[in-house]
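The structure tokens that follow cover one protein chain in two forms, given apart as structure 1 and structure 2.
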Structure 1
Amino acid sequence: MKKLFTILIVALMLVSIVACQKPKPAEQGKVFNIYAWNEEFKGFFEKYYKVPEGVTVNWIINPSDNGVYQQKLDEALLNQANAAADDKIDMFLAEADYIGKYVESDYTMDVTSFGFKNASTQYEYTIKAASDSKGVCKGVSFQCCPAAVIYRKSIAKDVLGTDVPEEVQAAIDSWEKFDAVAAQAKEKGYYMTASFAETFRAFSNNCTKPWVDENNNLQFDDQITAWIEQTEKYVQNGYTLTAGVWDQEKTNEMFATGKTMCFFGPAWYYNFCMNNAMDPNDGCVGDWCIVKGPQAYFWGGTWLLAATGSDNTEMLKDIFETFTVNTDVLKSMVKDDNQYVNNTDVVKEFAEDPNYGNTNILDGQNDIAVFYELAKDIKWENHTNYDQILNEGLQNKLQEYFKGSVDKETAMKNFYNYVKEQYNNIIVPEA
């Protein structure tokens, strides 16, 4: 009995030692700081996420115009290690054009380090975009942004003799056909597009090489060259206006009095940026449908990145899961907020629902069904940290040429000089 008693005492001591050695969960912070450039995600967050009791969420919002958002974010990240616990960034948002800059840095952390696991229902390109060159994922996106050709039904009917989506798609399923329809539209007194840059992303998203090669040489992909050549032809022939993508001259074409047949964009664009089309007095709600167009592409998207140094890792995990795998939340975002969410099971359900349709601006068409097919062809390839600045710079400098204020040679020289001013490490074709 003595021996048995001794063995029991030793066993209890060992259990006690093991229990004492078990690491305690890290104490979680009471302030959760989020950096963003607008209030879009803030609205979804406040609508769908239940903040843990005792935690205060602090939004630091700076506009993206002129790089202000990134500048303020970068300043805060540089100070992250020395910041007080309640001042540290816990999560920040990033767009497709510059996400690489952050996921390749030490300012973002591996999502698996706080227990989050990407689900098989997330679109692969959204995971790839949030991963560094070693494949370490640093964040998630709550949305997928396949983009389409948004066409005016009444104009399509006049130009093509039909406004049926399948028939319109057959008429513009290649760039050659799209150009031919642009000529037909011109003969009828219409524009094919309302901006010189309208088709840019449809081309640039399909590039087969990056803007800058391994030797830091600036290079033009065939898709970029094709966009320049198409736009020259459209401007010269009067197939397009020379307005910028966000210019009033373009958005005025969305009124019922507009003469433009096609606009390019994803769900967030026509649901939230085509306000003139939805004007109760001068708009044309229901006179729109979407189709794939000449080639698949995407535009935009918002990623939630985990900031290194966050003391709210449990909340980070919970937020990421809420906006990627919580099907109740995601279904509500589709039905109530016209979002194309980043969950293939959820969007498949809506795509196959014969009773679902978008009446916000479309004619009741099931846009989720169109995007569900489009999203299968989205690529995330040949992206660099230079993309946003070079894409915008090229368009801005060439707009001067398309508007006739400079010749093409001058416009290209201006672009090269701009590149050198922004990035002195990039070697341009000429001084």
Structure 2
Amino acid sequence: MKKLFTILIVALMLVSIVACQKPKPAEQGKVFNIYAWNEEFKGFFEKYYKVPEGVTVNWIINPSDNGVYQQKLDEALLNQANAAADDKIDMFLAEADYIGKYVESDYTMDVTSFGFKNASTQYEYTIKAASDSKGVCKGVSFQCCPAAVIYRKSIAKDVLGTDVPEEVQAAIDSWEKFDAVAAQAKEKGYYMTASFAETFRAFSNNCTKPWVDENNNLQFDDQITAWIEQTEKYVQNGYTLTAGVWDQEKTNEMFATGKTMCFFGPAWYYNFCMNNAMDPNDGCVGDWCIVKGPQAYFWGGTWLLAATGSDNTEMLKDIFETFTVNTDVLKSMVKDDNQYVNNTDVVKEFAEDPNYGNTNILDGQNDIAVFYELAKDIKWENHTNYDQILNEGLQNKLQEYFKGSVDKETAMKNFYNYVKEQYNNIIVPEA
């Protein structure tokens, strides 16, 4: 009897051990940490994504000025392996100017590892940007960022005698024509642009060589030189204000009282920079239209990258899907939030819809149709990991030159020193 009892006990124990060893689905974490540099995506996330029960989402937001965001993020990523499961970054946001740095590293993980598949509706360049040199994709973009010229209709009417997009486009479809219109605008007492760097992206995005060559030499593309020459002329002739791209001095020009005709930006620009234009009292909703402008370009874009070590892979997959293939969400983002989403089916539907028009800020023009055409040509090339610091540094240092407080030579020297201090490995011309 005793023996039988012992055997029974042992058998029970064995069963329980085997039962314990049965493979279970990977345990999902209870805390989801997201690094971001502003509140833009946070807004969409909170509006459209239903967080699974019991999961807390932590937003760690640092501004991107002077590279602060990247520094904080790098610090956290380098510590990722040692961090407690709940403190590990699960997802972080990256911008076109520096996404390569993270995609190429081991700190981001293959999206297929947690079962996400890129949809054929995603824009090709957004996938290329999020893939490393071997073609392994590490994240997705929730937006596509073809950029246009956003102009004030009333000012265009006064300057050109027309505010119809096709005719305005015909008047500014090359930089020579754009300059000529700037002179006309000046005569009428308007500014063509409100920031010395307003046209920067239109030039820099068409560069034919990267900022830094394979031997780490800093190089100036002809497009950058062309931008400097144009801005010199614009400042000298009073065609533009000398404010920075993000300055209040510039955004004040978007009030109804503003005197500036053209702004350069993609769809995210509406919500991000044009709040003054949408101000219920002093704004000028409906006085805006968009056209391609002198040169097609794209600007920025926010990619969501999966951080290696995340214990919330199901949620990652879910989020990625919500913002790339969930058509209900994406349609609402277009209609209500003025976004140009990363789904060709959705944007095509809007572009071909004769009843669709943007009335949140534009005059009812179908801006998606314009962006749809522009987005076809976007290519991902000539990007380096240094772009943010170099673009920002060049603008900051040259702003002083354009404002007249230093000469060009000094401004360039200050820029080279700035680069040297930020990136020890980049070889700059003798400063």
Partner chain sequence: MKKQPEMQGRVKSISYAKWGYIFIIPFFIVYILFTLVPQFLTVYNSFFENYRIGLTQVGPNYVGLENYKALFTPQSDGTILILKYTANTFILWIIGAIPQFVIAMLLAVFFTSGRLNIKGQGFFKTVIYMPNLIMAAAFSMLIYTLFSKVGPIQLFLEHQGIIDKTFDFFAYRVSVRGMIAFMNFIMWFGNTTIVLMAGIMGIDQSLFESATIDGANAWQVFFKVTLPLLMPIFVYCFITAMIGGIQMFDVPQVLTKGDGLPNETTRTLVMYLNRYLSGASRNYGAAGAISVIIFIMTGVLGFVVYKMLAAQYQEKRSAPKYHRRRQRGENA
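For numbering, take structure 1's sequence and count from 1. Just so you know, these numbers come straight off a predicted model, no measurement behind them. In this text, the rigid core denotes the largest set of C-alpha atoms whose superposition between the two forms falls within 1.5 Å.
Structure 1, not structure 2, is the form predicted on its own. In a rigid-core overlay of the protein, residue 55 has its C-alpha displaced by at least 2 Å between structures 1 and 2. When the rigid core is held fixed, the Cα atom of residue 226 travels less than 2 angstroms between structures 1 and 2.
Relative to the superposed core, residue 183 shifts its CA atom by less than 2 Å between structures 1 and 2. In the core-aligned comparison between structures 1 and 2, the Cα atom of residue 64 sits 2.8 Å away from its counterpart.
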